[in-house]
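Given as C-alpha coordinates, the chain that follows is alone and in the form predicted on its own.
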(Lines give C-alpha, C1' and ligand atoms only; values in the text may rest on other atoms or scores of the structure.)
Protein backbone atom coordinates (compact mmCIF):
# COMPACT_ATOMS: atom_id res chain seq x y z
CA UNK A 1 0.00 0.00 0.00
CA UNK A 2 2.92 2.35 0.74
CA UNK A 3 4.18 1.90 -2.81
CA UNK A 4 0.73 2.75 -4.21
CA UNK A 5 0.50 5.93 -2.12
CA UNK A 6 4.02 7.03 -3.10
CA UNK A 7 3.18 6.49 -6.77
CA UNK A 8 0.04 8.54 -6.16
CA UNK A 9 2.08 11.41 -4.72
CA UNK A 10 4.41 11.33 -7.73
CA UNK A 11 1.41 11.49 -10.05
CA UNK A 12 -0.37 14.02 -7.85
CA UNK A 13 2.50 16.51 -8.03
CA UNK A 14 2.14 16.45 -11.81
CA UNK A 15 -1.64 16.82 -11.50
CA UNK A 16 -1.07 19.81 -9.24
CA UNK A 17 1.16 21.63 -11.73
CA UNK A 18 -1.35 20.90 -14.48
CA UNK A 19 -4.18 22.35 -12.41
CA UNK A 20 -2.16 25.43 -11.42
CA UNK A 21 -1.68 26.45 -15.05
CA UNK A 22 -5.40 26.23 -15.70
CA UNK A 23 -6.46 27.99 -12.51
CA UNK A 24 -4.03 30.89 -13.06
CA UNK A 25 -5.59 31.70 -16.43
CA UNK A 26 -9.08 31.42 -14.94
CA UNK A 27 -8.19 33.56 -11.93
CA UNK A 28 -6.84 36.37 -14.10
CA UNK A 29 -9.22 36.36 -17.03
CA UNK A 30 -12.24 34.32 -15.99
CA UNK A 31 -11.54 31.92 -18.87
CA UNK A 32 -11.30 28.13 -18.77
CA UNK A 33 -8.65 27.16 -21.31
CA UNK A 34 -9.97 23.95 -22.88
CA UNK A 35 -6.79 23.70 -24.97
CA UNK A 36 -4.61 23.38 -21.86
CA UNK A 37 -3.96 19.68 -22.33
CA UNK A 38 -3.25 20.12 -26.03
CA UNK A 39 -0.66 22.78 -25.20
CA UNK A 40 0.97 20.30 -22.82
CA UNK A 41 1.15 17.67 -25.56
CA UNK A 42 2.38 20.22 -28.11
CA UNK A 43 5.20 21.07 -25.71
CA UNK A 44 6.07 17.38 -25.44
CA UNK A 45 6.11 16.98 -29.24
CA UNK A 46 8.29 20.11 -29.54
CA UNK A 47 10.79 18.49 -27.15
CA UNK A 48 10.58 15.22 -29.13
CA UNK A 49 11.32 17.09 -32.36
CA UNK A 50 14.23 18.96 -30.77
CA UNK A 51 15.72 15.69 -29.55
CA UNK A 52 15.25 14.31 -33.07
CA UNK A 53 17.54 17.05 -34.42
CA UNK A 54 20.34 15.74 -32.25
CA UNK A 55 20.03 18.10 -29.28
CA UNK A 56 20.76 16.63 -25.83
CA UNK A 57 17.70 16.16 -23.64
CA UNK A 58 18.13 19.20 -21.37
CA UNK A 59 18.61 21.77 -24.18
CA UNK A 60 15.76 20.10 -26.08
CA UNK A 61 13.47 20.53 -23.06
CA UNK A 62 14.45 24.21 -22.79
CA UNK A 63 13.75 24.75 -26.51
CA UNK A 64 10.42 22.90 -26.32
CA UNK A 65 9.20 24.81 -23.27
CA UNK A 66 10.30 28.13 -24.75
CA UNK A 67 8.41 27.33 -27.95
CA UNK A 68 5.19 26.44 -26.14
CA UNK A 69 5.52 29.51 -23.91
CA UNK A 70 5.82 31.71 -27.01
CA UNK A 71 2.75 30.04 -28.51
CA UNK A 72 0.81 30.71 -25.31
CA UNK A 73 1.86 34.36 -25.43
CA UNK A 74 0.78 34.66 -29.08
CA UNK A 75 -2.58 33.01 -28.38
CA UNK A 76 -3.28 35.45 -25.55
CA UNK A 77 -2.28 38.54 -27.53
CA UNK A 78 -4.34 37.57 -30.58
CA UNK A 79 -7.12 35.01 -30.18
CA UNK A 80 -8.00 35.89 -26.59
CA UNK A 81 -8.29 39.64 -27.09
CA UNK A 82 -11.98 39.58 -28.11
CA UNK A 83 -12.64 37.29 -25.14
CA UNK A 84 -11.24 39.76 -22.61
CA UNK A 85 -13.25 42.54 -24.24
CA UNK A 86 -16.44 40.79 -23.06
CA UNK A 87 -17.79 40.65 -19.53
CA UNK A 88 -19.59 38.04 -17.46
CA UNK A 89 -21.18 35.05 -19.16
CA UNK A 90 -20.27 36.33 -22.62
CA UNK A 91 -16.56 36.15 -21.75
CA UNK A 92 -16.91 32.65 -20.31
CA UNK A 93 -18.85 31.29 -23.30
CA UNK A 94 -16.63 32.88 -25.96
CA UNK A 95 -13.53 31.72 -24.13
CA UNK A 96 -14.83 28.15 -24.00
CA UNK A 97 -15.69 28.15 -27.69
CA UNK A 98 -12.40 29.63 -28.87
CA UNK A 99 -10.14 27.49 -26.69
CA UNK A 100 -12.15 24.39 -27.65
CA UNK A 101 -11.55 25.31 -31.27
CA UNK A 102 -7.82 25.64 -30.59
CA UNK A 103 -7.87 22.22 -28.92
CA UNK A 104 -9.51 20.64 -31.97
CA UNK A 105 -7.02 22.30 -34.32
CA UNK A 106 -3.97 21.17 -32.31
CA UNK A 107 -5.37 17.65 -31.97
CA UNK A 108 -6.06 17.47 -35.68
CA UNK A 109 -2.62 18.76 -36.66
CA UNK A 110 -0.78 16.43 -34.29
CA UNK A 111 -2.77 13.35 -35.26
CA UNK A 112 -2.29 14.19 -38.94
CA UNK A 113 1.40 15.08 -38.83
CA UNK A 114 2.71 13.01 -35.89
CA UNK A 115 0.16 10.21 -35.32
CA UNK A 116 2.61 7.81 -33.66
CA UNK A 117 4.96 10.31 -32.04
CA UNK A 118 5.48 10.06 -28.29
CA UNK A 119 7.91 11.59 -25.83
CA UNK A 120 9.55 9.08 -23.53
CA UNK A 121 12.54 10.41 -21.61
CA UNK A 122 14.46 7.50 -20.12
CA UNK A 123 16.20 8.31 -16.84
CA UNK A 124 18.98 5.91 -15.94
CA UNK A 125 20.17 4.93 -12.49
CA UNK A 126 19.35 2.33 -9.90
CA UNK A 127 16.08 2.50 -7.94
CA UNK A 128 16.26 4.43 -4.65
CA UNK A 129 14.62 3.20 -1.45
CA UNK A 130 11.98 5.57 -0.02
CA UNK A 131 10.17 4.37 3.12
CA UNK A 132 11.19 0.85 2.22
CA UNK A 133 9.85 1.13 -1.34
CA UNK A 134 12.25 1.06 -4.29
CA UNK A 135 11.34 4.06 -6.44
CA UNK A 136 12.46 4.56 -10.02
CA UNK A 137 14.91 7.37 -10.63
CA UNK A 138 12.58 8.86 -13.24
CA UNK A 139 9.72 9.10 -10.74
CA UNK A 140 11.93 10.81 -8.17
CA UNK A 141 13.34 13.25 -10.71
CA UNK A 142 9.85 14.09 -11.98
CA UNK A 143 8.70 14.73 -8.40
CA UNK A 144 11.75 16.86 -7.65
CA UNK A 145 11.11 19.00 -10.72
CA UNK A 146 7.44 19.41 -9.78
CA UNK A 147 8.31 20.40 -6.20
CA UNK A 148 10.98 22.82 -7.42
CA UNK A 149 8.50 24.38 -9.87
CA UNK A 150 5.96 24.75 -7.06
CA UNK A 151 8.58 26.39 -4.85
CA UNK A 152 9.59 28.81 -7.60
CA UNK A 153 5.95 29.70 -8.19
CA UNK A 154 5.47 30.37 -4.49
CA UNK A 155 8.61 32.51 -4.42
CA UNK A 156 7.42 34.39 -7.51
CA UNK A 157 3.96 35.15 -6.17
CA UNK A 158 5.03 35.89 -2.59
CA UNK A 159 8.46 37.40 -2.98
CA UNK A 160 8.50 39.49 -6.16
CA UNK A 161 6.84 42.74 -7.13
CA UNK A 162 5.56 41.25 -10.37
CA UNK A 163 4.14 38.24 -8.55
CA UNK A 164 2.31 40.46 -6.08
CA UNK A 165 1.00 42.44 -9.06
CA UNK A 166 -0.42 39.24 -10.53
CA UNK A 167 -2.12 38.42 -7.23
CA UNK A 168 -3.60 41.91 -7.05
CA UNK A 169 -5.11 41.52 -10.54
CA UNK A 170 -6.61 38.16 -9.52
CA UNK A 171 -8.13 39.71 -6.39
CA UNK A 172 -9.32 43.03 -7.87
CA UNK A 173 -8.66 43.88 -11.52
CA UNK A 174 -10.07 47.39 -11.33
CA UNK A 175 -8.14 48.19 -8.16
CA UNK A 176 -4.93 46.91 -9.75
CA UNK A 177 -5.50 49.12 -12.79
CA UNK A 178 -5.98 52.16 -10.55
CA UNK A 179 -2.55 51.67 -8.97
CA UNK A 180 -0.81 51.42 -12.34
CA UNK A 181 -0.84 47.69 -13.10
CA UNK A 182 -1.77 46.74 -16.65
CA UNK A 183 -4.03 43.65 -16.44
CA UNK A 184 -3.56 42.88 -20.16
CA UNK A 185 0.22 42.61 -19.79
CA UNK A 186 -0.19 40.44 -16.71
CA UNK A 187 -2.55 38.12 -18.59
CA UNK A 188 -0.03 37.85 -21.45
CA UNK A 189 2.65 36.76 -19.01
CA UNK A 190 0.46 34.30 -17.13
CA UNK A 191 -0.99 32.67 -20.25
CA UNK A 192 2.57 32.05 -21.44
CA UNK A 193 3.56 30.77 -18.00
CA UNK A 194 0.52 28.49 -17.96
CA UNK A 195 1.58 27.01 -21.31
CA UNK A 196 5.13 26.45 -20.01
CA UNK A 197 3.77 24.70 -16.90
CA UNK A 198 1.58 22.48 -19.09
CA UNK A 199 4.59 21.57 -21.21
CA UNK A 200 6.64 20.90 -18.08
CA UNK A 201 3.97 18.49 -16.83
CA UNK A 202 4.14 16.57 -20.11
CA UNK A 203 7.94 16.42 -19.86
CA UNK A 204 7.92 15.12 -16.28
CA UNK A 205 5.14 12.68 -17.16
CA UNK A 206 7.31 11.32 -19.98
CA UNK A 207 9.91 10.33 -17.38
CA UNK A 208 7.54 7.68 -16.04
CA UNK A 209 5.38 6.80 -19.08
CA UNK A 210 5.23 7.86 -22.76
CA UNK A 211 3.23 10.97 -23.68
CA UNK A 212 1.57 10.48 -27.06
CA UNK A 213 0.20 13.02 -29.52
CA UNK A 214 -3.37 12.02 -28.61
CA UNK A 215 -3.05 12.62 -24.85
CA UNK A 216 -4.30 16.23 -24.93
CA UNK A 217 -7.93 15.56 -23.98
CA UNK A 218 -6.85 13.43 -21.01
CA UNK A 219 -4.60 16.21 -19.74
CA UNK A 220 -7.38 18.78 -20.12
CA UNK A 221 -9.89 16.63 -18.24
CA UNK A 222 -7.41 16.06 -15.41
CA UNK A 223 -6.60 19.77 -15.23
CA UNK A 224 -10.30 20.66 -15.01
CA UNK A 225 -10.93 18.10 -12.28
CA UNK A 226 -7.95 19.30 -10.23
CA UNK A 227 -8.89 22.97 -10.65
CA UNK A 228 -12.52 22.35 -9.66
CA UNK A 229 -11.66 20.24 -6.61
CA UNK A 230 -8.93 22.63 -5.47
CA UNK A 231 -11.01 25.72 -6.10
CA UNK A 232 -10.84 27.71 -9.33
CA UNK A 233 -8.40 30.57 -8.77
CA UNK A 234 -6.60 28.91 -5.85
CA UNK A 235 -2.98 27.95 -6.61
CA UNK A 236 -2.43 26.17 -3.30
CA UNK A 237 -5.79 24.44 -3.72
CA UNK A 238 -4.68 23.05 -7.09
CA UNK A 239 -1.57 21.52 -5.56
CA UNK A 240 -3.46 20.03 -2.62
CA UNK A 241 -6.18 18.67 -4.91
CA UNK A 242 -3.55 17.33 -7.31
CA UNK A 243 -1.82 15.29 -4.63
CA UNK A 244 -5.09 13.98 -3.20
CA UNK A 245 -6.44 13.04 -6.63
CA UNK A 246 -3.13 11.47 -7.60
CA UNK A 247 -3.40 9.16 -4.60
CA UNK A 248 -7.07 8.44 -5.39
CA UNK A 249 -6.04 7.69 -8.97
CA UNK A 250 -3.36 5.14 -8.11
CA UNK A 251 -5.39 3.47 -5.33
CA UNK A 252 -8.39 3.20 -7.65
CA UNK A 253 -6.24 1.80 -10.47
CA UNK A 254 -4.64 -0.73 -8.10
CA UNK A 255 -7.84 -2.02 -6.50
CA UNK A 256 -10.51 -1.42 -9.16
CA UNK A 257 -8.75 -1.00 -12.50
CA UNK A 258 -7.57 1.78 -14.77
CA UNK A 259 -10.71 1.67 -16.90
CA UNK A 260 -12.88 3.12 -14.13
CA UNK A 261 -10.37 5.54 -12.60
CA UNK A 262 -11.55 8.57 -14.61
CA UNK A 263 -15.10 7.93 -13.39
CA UNK A 264 -13.83 7.87 -9.81
CA UNK A 265 -12.03 11.20 -10.32
CA UNK A 266 -15.14 12.76 -11.87
CA UNK A 267 -17.19 11.48 -8.93
CA UNK A 268 -14.71 13.13 -6.56
CA UNK A 269 -15.13 16.42 -8.44
CA UNK A 270 -18.94 16.11 -8.35
CA UNK A 271 -18.87 15.38 -4.63
CA UNK A 272 -16.67 18.40 -4.01
CA UNK A 273 -19.06 20.64 -5.93
CA UNK A 274 -21.99 19.34 -3.88
CA UNK A 275 -20.30 19.67 -0.48
CA UNK A 276 -18.14 22.71 -1.14
CA UNK A 277 -18.96 24.54 -4.40
CA UNK A 278 -15.94 26.85 -4.06
CA UNK A 279 -13.52 23.90 -3.91
CA UNK A 280 -11.17 22.83 -1.12
CA UNK A 281 -9.35 26.14 -0.84
CA UNK A 282 -11.37 28.37 -3.15
CA UNK A 283 -12.74 31.67 -1.97
CA UNK A 284 -16.41 31.62 -1.02
CA UNK A 285 -18.51 34.21 -2.78
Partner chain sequence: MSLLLEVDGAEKRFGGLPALDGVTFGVDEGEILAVVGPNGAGKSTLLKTIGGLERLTAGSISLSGSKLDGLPPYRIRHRGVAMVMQTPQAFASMTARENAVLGAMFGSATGLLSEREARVRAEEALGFVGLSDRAEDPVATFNLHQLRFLELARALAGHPRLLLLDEVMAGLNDAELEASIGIVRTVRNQLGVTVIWVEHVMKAVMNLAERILVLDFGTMLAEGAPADVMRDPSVIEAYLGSSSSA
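This is a predicted model, so every value here is computed, not measured. Residue numbers count along the first chain shown, from 1.
The next section is about a form of this same protein that is not shown, the form predicted together with the partner chain.
- Mapping the unseen interface onto this chain, residue 165 counts among the residues with a heavy atom inside 4.5 Å of the partner chain in the predicted bound form.
- In the predicted bound form, the partner chain sits within 4.5 Å of a heavy atom of residue 175.
- Not displayed here, the partner chain is kept clear of residue 77 by more than 4.5 Å at the level of heavy atoms in the predicted bound form.
- With a 4.5 Å cutoff on heavy atoms, residue 131 does not count as touching the partner chain in the predicted bound form; it lies far away.
- The stretch in contact with the partner chain in the predicted bound form, judged by heavy atoms within 4.5 Å, is 154 to 162, chosen from 154 to 162, 191 to 199, 132 to 140, 205 to 213.
- Site annotation in the predicted bound form: the residue of 145, 71, 121, 181 reaching within 4.5 Å of the partner chain with a heavy atom is 181.
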